[in-house]
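Coming up is one lone chain in structure tokens, specifically the form predicted on its own.
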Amino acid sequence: MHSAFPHLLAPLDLGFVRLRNRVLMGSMHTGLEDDPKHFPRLEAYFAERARGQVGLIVTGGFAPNVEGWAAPFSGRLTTRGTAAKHAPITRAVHAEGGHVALQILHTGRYGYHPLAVSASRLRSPISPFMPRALGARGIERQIRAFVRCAVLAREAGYDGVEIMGSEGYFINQFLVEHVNRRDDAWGGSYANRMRLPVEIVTRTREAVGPDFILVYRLSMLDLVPDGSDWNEVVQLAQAVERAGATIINTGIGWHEARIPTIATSVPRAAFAWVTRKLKGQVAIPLCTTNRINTPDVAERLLAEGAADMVSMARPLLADPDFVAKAASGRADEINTCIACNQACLDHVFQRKVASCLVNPRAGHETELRYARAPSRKRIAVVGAGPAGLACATVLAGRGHAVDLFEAGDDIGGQFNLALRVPGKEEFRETLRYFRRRLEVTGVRLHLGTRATVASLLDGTHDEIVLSTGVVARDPAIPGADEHRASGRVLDYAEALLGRRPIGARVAVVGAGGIGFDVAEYLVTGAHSPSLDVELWQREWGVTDPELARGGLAAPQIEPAARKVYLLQRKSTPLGKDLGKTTGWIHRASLKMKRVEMIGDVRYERIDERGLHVSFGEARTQPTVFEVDTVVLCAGQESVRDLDAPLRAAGRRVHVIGGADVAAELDAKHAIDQGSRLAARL
């Protein structure tokens, strides 16, 4: 045990079983759960995290029946035949010394299918399907399905189950008047509304016996109107403890809530206070969750008595060896989750297999392998942005001799711009990881060195990888060039790097991801809410559920630092192409700061008055935005001037990242492409 994290690495004795530490790998749907043909991949995925010394793994959600499906034919556990197909997964985890629980997830009215059921006939705002209100016999069928699923999980070799009672899913829907409008024995008073989870836990414990882990995921902060108040949270926690729960895991926010809970703009451990508030009200272990992504944060929470365990899902996508590295004094080598959601949750909503922006092997362990190279090559990688860093470190880790050339004075490329955006400070962690990885793998880093055709043709290298990145695209607005010298017109890099002063009124040209980031940077004052929990809570209206039901309060918005106009040529809604799970947060954040978002714009010219525009193809309604500064965020162009001459000279050249495809600073594509190239060279 490493002395830096004594609380995190301490075993947890549950009476009938002893977990090796206080880390619970939180449930996260990967898409591999939905078809048994993918179970060998799921087996490898969980085995790698068990090998990394996670204390208790919780699987992605499996429905207990078809009514509880997340979507048609998604994962469910309903038969002994299916249970047998899970057995290799549990055996693989046990072979690595780990413990694993299956999450039982009934989606209720969140189900994206016509068979959905709920407490009442009220459609969810995040599903087009109207649920059927269950009668008494229908409720009984659902309870039996939960119990049967738990029994089958035990037959499959699981050490326990997690009953999903939070995030607005089926059980949560019965608990709150927000959805439960019943007037029978399952509605009305809170004693009636909480009957469902208590019955499920009681009967599950009776069916599986005393030596089986039963985690109950309890919504401690609903963040929806008419959500639970604190007395109800405590009452339910005590009831499920009496009913036989082994651990209570913290649930934060319904999926339909309009408050972010896990995005990178949410401060680290922003909700641990609510778990701490429940401490002392129950005797069984409590697990806290959400935006805990480093062993330091986890250790502090446990040392302060906020919880008995910490739940981390995406951090174990980012680095399956998270716990092992912390235990062996290598915390500086952890590949930290930056909570971007781009390859995990966004993939799930696109019906793709979940992975990780900073670790593309996640979910692809069986096919993306970093095996030792059969022969050692000398390889030059040009450009130390995300693509080049990933490629260079994987190549060196496989045994190749790698030279990484960077014209600038530091690594990171476009990531050095992203980390300056309020709410994206976590991106520093990725650069910290790569700096350490360069050292560990032995990459020879050449900063301040601009590779040329001549230097790359000196015969030193067997292969050349170009990850030379992008430059800002010039939209060629008349008058822009003559105002660049004065600093009235900037590109996004100049703005984010603070190279020129920026006025009090700004027009941002281009409303893709970069335009939104620049607008966020411009309106945020000296203090970023993502670094200040109290400021973040005030701005989003999060409060103690003892003071207001569901933990909702009126937002208190800090005044914007500047007046900003965010403009785009397209007539489609601004931000339409942002990430599925984070785009709404960016749009809401800018609206809170009164950013004017305007589409269907034609840029006519820039002069001393400001930015002159018209609207629509007909160029009607000429308008001038009287601004002090115009920031150009109109896309990027690839830099690959070395490519053609090197190929003409007969050299083996590979182009990756932005140099290959210039698209919205796509680090997910860049790191994945660089890693996959390095895996096969």
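For every residue, the number given is its place in the sequence shown, counted from 1. All values reported here derive from a predicted model rather than from experimental measurement.
Same protein, other form: the form predicted together with a small molecule, not shown, and the subject of what follows.
Though the small molecule is absent from this view, in the model of the complex it lies within 4.5 Å of a heavy atom of just one residue from Gly512, Gly610, Gly397, Gly157, which is Gly512. With the partner omitted here, the residue from Gly305, Pro475, Gly525, Gly442 that has a non-hydrogen atom within 4.5 angstroms of the small molecule in the model of the complex is Pro475. The small molecule is not drawn, but in the model of the complex it has no heavy atom within 4.5 Å of Asp491. Although the partner is absent from this view, Val54 stays clear of the small molecule in the model of the complex, with no non-hydrogen atom inside 4.5 angstroms.
A residue is said to contact a partner when one of its heavy atoms sits within 4.5 Å of a partner heavy atom; Tyr603 meets this definition for the small molecule in the model of the complex. Among residues of the shown chain, Arg569 is one whose heavy atoms approach the small molecule to within 4.5 Å in the model of the complex.
For the marked spot (Gln342, Cys633 and Ala663), a heavy atom within 4.5 Å of the small molecule in the model of the complex is present in each of the three residues. Listed stretches are 618-626, 633-641, 648-656, 30-38; the contact stretch with the small molecule in the model of the complex is 633-641, by a heavy atom cutoff of 4.5 Å.
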